[in-house]
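We begin with a single chain expressed as structure tokens, specifically the form predicted on its own.
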């Protein structure tokens, strides 16, 4: 099986089987170097290098690389400090009214729905959560919750517990037929699954940095469809919100006519530079290649777990699967399993009553085989 990443790019993989990208992915050393170099330069030189021009254009590189990632224009991309920040700004911009509703699932990561819940406390709008079980919600249940009063469908592209993947084009078709917006949290898919933002029909796609994008904490990105860029007023604003940030008059606020209007304030710009580099690293390898690589590892995990008679709760249907493989180990507390594996230099994660594995581009078949062998040893006592 082809190795996509040089071992030196991810030094931990020399001695550990790190199967935990759905929690915190490893950062390629080229991106880590960009972050530390930026911070060091700031410490040594202050604004000598990071001057007004550099601050004004700090997100430009991210826009270029994220446009490659999502097959869109750089003008469609905004950067931010976190997924929650960007989603909160969108939620207040849309602000569903009292008679309207927001549709999601009851297995969604809380950060995907909390901003809409906060708005609902203010406006009285309804939050509708399609019911799920074992980290899975049928797309038909999501579609069934949409009606003429739906303002927004806010979902995770891939659910964090079991890795279930939703058909965005199918959801967009129904959502738009009811006059609603499709807002997608791609934190568990961007960087591991190809996403064509214009083609999939999503109105907003937001992703954190530190999972499958192999970036740092403190950075995030957003795709905003062109039809929204001239008429959505951001819910969070700051001095960067004006179309000319160094025109510092407080008596007006004129937004850029691009997604840039959602970039509100100063932040840890070195993290944005690191995310820019990590996306460049992934896209240069090829997201389709990464997807195929990761799915082969996931298939190998599934086969190994089946041989051990361990219950897999991730979807069996290839169309709904990602490289997140989640299982229930009967007779074991999932945290105990995770801790025992860590003693053996294998990193997985506990989520609810399950053990979750999530291989990425820096993993190999040997990592999977090692995890299965150690699980067998645990089960055999």
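All values reported here derive from a predicted model rather than from experimental measurement. Residue numbers count along the first chain shown, from 1.
What comes next is about the form predicted in complex with a small molecule, which does not appear here.
Q: Out of 171 to 179, 77 to 85, 295 to 303, 230 to 238, where are the residues with a heavy atom within 4.5 Å of the small molecule in the model of the complex?
A: Comparing against the small molecule in the model of the complex, the contact stretch is 77 to 85.
Q: Any chance 109, 112 and 187 all have a heavy atom within 4.5 Å of the small molecule in the model of the complex?
A: Each of the three qualifies.
Q: Given that the small molecule is left out here, which of 89, 156, 101, 278 has a heavy atom within 4.5 Å of it in the model of the complex?
A: Contact residue from the list: 156.
Q: Is residue 210 close enough to the small molecule in the model of the complex to count, meaning some heavy atom within 4.5 Å?
A: Although the small molecule is absent here, residue 210 would touch it in the model of the complex, with heavy atoms inside 4.5 Å.
Q: Find out whether any non-hydrogen atom of residue 116 is located within 4.5 angstroms of the small molecule in the model of the complex, and reply yes or no.
A: Flag for residue 116 set to no.
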